[in-house]
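Just one chain follows, in the form predicted alone, and it is written as structure tokens.
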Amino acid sequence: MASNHEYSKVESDVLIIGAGGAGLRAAIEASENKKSVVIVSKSILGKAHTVMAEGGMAASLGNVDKQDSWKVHFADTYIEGVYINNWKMVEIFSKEAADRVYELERFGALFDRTADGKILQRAFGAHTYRRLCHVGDKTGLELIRTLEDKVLHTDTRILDEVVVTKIVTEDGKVKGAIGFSMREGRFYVFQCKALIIATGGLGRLFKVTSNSWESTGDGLAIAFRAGAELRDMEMVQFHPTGMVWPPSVRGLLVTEGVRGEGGILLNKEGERFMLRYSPKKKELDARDVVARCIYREITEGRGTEHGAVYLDITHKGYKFIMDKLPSMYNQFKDFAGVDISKEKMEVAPTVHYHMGGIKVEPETEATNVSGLFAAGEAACGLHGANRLGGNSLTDLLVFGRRAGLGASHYSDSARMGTIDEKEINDEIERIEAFTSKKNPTNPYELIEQLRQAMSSKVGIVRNEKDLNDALAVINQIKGKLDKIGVAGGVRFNPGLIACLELQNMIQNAELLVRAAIERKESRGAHTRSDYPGTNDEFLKNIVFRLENGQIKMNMEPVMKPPKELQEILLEGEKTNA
């Protein structure tokens, strides 16, 4: 069948969707393995959510605290994940993190230094030792800059401002993907041997979030529709400190580096309240702990007039702040008119990271769909129920590399997929249909309803009634999806993007809420006021898959680590007690 539509065809051994840290590191590895690589990005190159990870990347280099080791990093990561992590991923990660940091340095990253010239490491919440390798408070930006430069010196082809709408499979194997260029208004058909999802998280499901506009969980939704399994969808991390005032910047991240460098939290009465909740770890307890403490201070009436608490680093002085936290200084000065060397910051929790995502094999990052891989925040398993600060950037490097390697090895014996014309026509017509409806429903109104419901009903503290109310809103919006549409064409039409994003957001929101209802306990970032304790019956991962258009949910028991790793965990539990 001949195509009724114009489109450009692009072939590659490895197709990577997403140009953040994981996607770029995967591209480097695939290129070094002599594979042809195409990167497709919804945003523009260099503008990835990775840049919002400001405080550092965790690795047990032992440059500041010589006692640190991969074993301690393993225990910290697994314990803070509240034992539903994939133990093999945690082992690989903690063993390889240092190598990836030193490799990034060889690629050209410029880290802050100790007096004797080694990579400097700072303290971060719930890490036993100081292990956050950093570049002031713009570490994510440096990581992206370095990897981007490296990728640009390969033969990798990069297509940015391209929205991928469908992963195409046949007999359980990936053939490629279909999408369109916002810039050109042109459709693209990507044929490949292997495909890597590196599209980041879903934080934009919520009204108050540190996530940038791209983070609508597109990769999760298109992978799920292609047959991939999704896991731990209920596990959403609220970063303790997001900006609160003015409203235009509400949710913008205030790096944990502020607390790592000595910042303290105060309520409106001037009390350093973390001494009451966590006298040992104080402001540097795990993120879920600190976020819940701040939430409680605010809800019990000890917050500021803007519904926040204070974060104070004025005692460190202007020079120290400009040396260690220049981006934070400028962020508050420019957006809030606050000089953080003289005035306290107002902060409150903000949705920051999704521990759930696409289920992958630890060694290769392969999914249950042949030829489909995932890495970074889009993948699941490393962080369990709660992520340690600083583990995300190293995650991108460790598993971005492994995804690139896994996809390369797979493509050695795979055949190039061929996407038939009917499938291409059907998808193009589905997308174009959004622009030709009479009296369409505005997608932005429904997105606003969804985000409002998710923020008010599926927040830091959850309960059965609120979760069911959120599910009711999701189902109402689902019933209106066939009516959404916008005027205009495909080129530079943000309304069309909103239509497509809404479909992905609704899919992800439904799975997230259904998992949150099912997990009748409190574990890590998932807190239930009606089930306040942690229950060993839920030492399981909730896994979703699509069968014949129907959502199927499984509770899979967590695999216990082998004996030698259990002994490491026992030591870690004693230290963390």
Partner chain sequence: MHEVVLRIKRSEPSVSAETRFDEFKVPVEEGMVVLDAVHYVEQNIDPTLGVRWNCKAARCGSCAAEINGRPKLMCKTRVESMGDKITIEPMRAFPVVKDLVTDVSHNFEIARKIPPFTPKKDTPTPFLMQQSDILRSKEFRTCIECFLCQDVCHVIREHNSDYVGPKHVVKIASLDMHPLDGIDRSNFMHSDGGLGYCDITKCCQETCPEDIKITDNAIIPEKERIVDHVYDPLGRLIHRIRGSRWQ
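Values in this document were obtained by computation on a predicted structure and should not be read as measured data. Numbering follows the first chain given and starts at 1.
Quick note: we don't show the form predicted in complex with the partner chain, though the next part is all about it.
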Problem - Any non-hydrogen atom of F111 within 4.5 angstroms of the partner chain in the predicted bound form - result: yes
Handout entry: Contact flag, F107 vs the partner chain in the predicted bound form, heavy atom cut 4.5 Å
Key = yes
Problem - Contact of V543 with the partner chain in the predicted bound form (heavy atom, 4.5 Å) - result: no
Handout entry: Exercise: T527 in contact with the partner chain in the predicted bound form, heavy atom 4.5 Å
Key = no
Problem - Position in contact with the partner chain when the complex is considered in the predicted bound form, options N425, S456, S212, S370, heavy atoms within 4.5 Å - result: S212
Completion exercise
Partner-free chain; cross-checking the partner chain in the predicted bound form, the single residue of V64, I28, L45, I517 with a heavy atom within 4.5 Å is L45
Handout entry: Contact stretch among 46 to 54, 548 to 556, 28 to 36, 527 to 535 - heavy atom within 4.5 Å of the partner chain in the predicted bound form
Key = 46 to 54
Handout entry: Those residues of 438 to 471 which, in the predicted bound form, come within 4.5 Å of the partner chain by heavy atom
Key = N442, Y444
